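Only one chain comes next, encoded as structure tokens, the form predicted on its own.
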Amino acid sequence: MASRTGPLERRKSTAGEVAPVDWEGRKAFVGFTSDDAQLLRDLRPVAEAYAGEVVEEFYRRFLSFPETRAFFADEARLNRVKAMQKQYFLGLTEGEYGEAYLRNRLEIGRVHQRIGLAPRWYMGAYSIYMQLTFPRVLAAFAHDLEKGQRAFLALLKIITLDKELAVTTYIAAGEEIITRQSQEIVEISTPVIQVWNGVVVAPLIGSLDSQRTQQFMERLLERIVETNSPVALVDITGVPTIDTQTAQHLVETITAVRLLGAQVVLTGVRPAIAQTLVHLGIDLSGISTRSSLAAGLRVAFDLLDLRVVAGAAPGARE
């Protein structure tokens, strides 16, 4: 079926979890057709007649458990949620199940994930819905049992699709949090600090992969440009091991820094690391290396023709 918002495009929806074209594929998979949409349209009067009753019974069940009752701290919130639930219930028989419907269902899934409603309660809520709605559907079509059965199946299909969207959205929202936290950890573990006018230090901690190296390189280059620093110290004291890929990443970073006209001093090169680099055949000729950050800082001062002069300690008597 076509969406009310225009032709389907092969792009991610604004919700970010399910593209409209994928939504059409999911409907096709469960066998949801235009005939099902029409059957649900025909159910609209039944839904309107029983909406309030179903919602009240639904929340009586929900409020009978301490874990779910805790989500409704006051009467005002409960009444707001009941009104939203009634709109959700009526939406099942809206008759249009295109992109607008998809966006609405994805937003509902995100809200439940945001408030921390555990999947067991979320999925259980759909079971309650089915228990409350299906007998009413069959009763409404007692005069035409064959149509009642088809309407029953149409409603089962759309509720199944809603459940699947809820699970998809819940997982996607959780993955977004994990990804964001991972990025924050990477940023924390790859700081670039200006320690002196013209000198930046980039300490590396842990192993390097392609993604982390790319981010490290970008942060280092940006900081060099921001501070107009001609010298960069790349400290690998916190890198436990060096393999061919890690060493190559370091060489690429150093080359990129040089293209900006800055000089690099590689510090924290322990004997074991030096041996490994030799065995790997990594060419560090032309790259200043030092065993410690302090030694590298002295090299940086020499390159900038700076001298540190010892002075009297604060408060010392002459």
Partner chain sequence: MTGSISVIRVGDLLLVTVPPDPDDPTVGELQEGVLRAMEQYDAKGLVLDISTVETLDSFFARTIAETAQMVGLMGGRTVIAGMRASVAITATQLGLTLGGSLTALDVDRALRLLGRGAQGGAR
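Heads up, when I say rigid core I mean the largest set of C-alphas that superpose within 1.5 Å between the two forms. Numbering follows the first chain given and starts at 1. Note that this is a predicted model, so its numbers are computed, not measured.
As for the form predicted in complex with the partner chain, it is not shown, yet the points below apply to it.
Colleague: Glu67, Asp74 and Gly116: each with a heavy atom within 4.5 Å of the partner chain in the predicted complex?
Modeller: Not one of the three qualifies.
Colleague: Heavy atom within 4.5 Å of the partner chain in the predicted complex: which of Arg44, Arg26, Arg270, Arg258?
Modeller: Exactly one residue meets the criterion: Arg258.
Colleague: Could you spot which one of Pro191, Gly95, Gly238, Pro230 gets a heavy atom to within 4.5 Å of the partner chain in the predicted complex?
Modeller: After the contact test, the surviving option is Pro230.
Colleague: Is there a heavy atom of Ala166 lying 4.5 Å or less from a heavy atom of the partner chain in the predicted complex?
Modeller: Ala166 lies outside the contact set for the partner chain.
Colleague: Taking 4.5 angstroms as the cut-off for heavy atoms, does Ile224 touch the partner chain in the predicted complex?
Modeller: Yes, contact at 4.5 Å.
Colleague: Ala295 near the partner chain in the predicted complex, any heavy atom under 4.5 Å?
Modeller: Heavy-atom contact with the partner chain at 4.5 Å: absent for Ala295.
Colleague: Does the partner chain get within 4.5 angstroms of any non-hydrogen atom of Leu303 in the predicted complex?
Modeller: Judged by the heavy-atom cut-off of 4.5 Å, Leu303 is in contact with the partner chain in the predicted complex.
Colleague: Heavy atoms within 4.5 Å of the partner chain in the predicted complex: which stretch in 97-105, 129-137, 215-223, 75-83 meets that?
Modeller: Selected range: 215-223.
Colleague: After the core is matched up, is the C-alpha of Arg258 off by 2 Å or more between the shown form and the other one?
Modeller: Moves: yes, 2 Å or greater.
Colleague: After core superposition, I'd like to know whether His249 moves between the shown form and the other one (criterion: C-alpha shift of 2 angstroms or more).
Modeller: True for His249: a C-alpha shift of 2 Å or more.
Colleague: Once the core is aligned, please say if the CA of Arg77 is shifted by at least 2 angstroms between the shown form and the other one.
Modeller: No, shifts by less than 2 Å.
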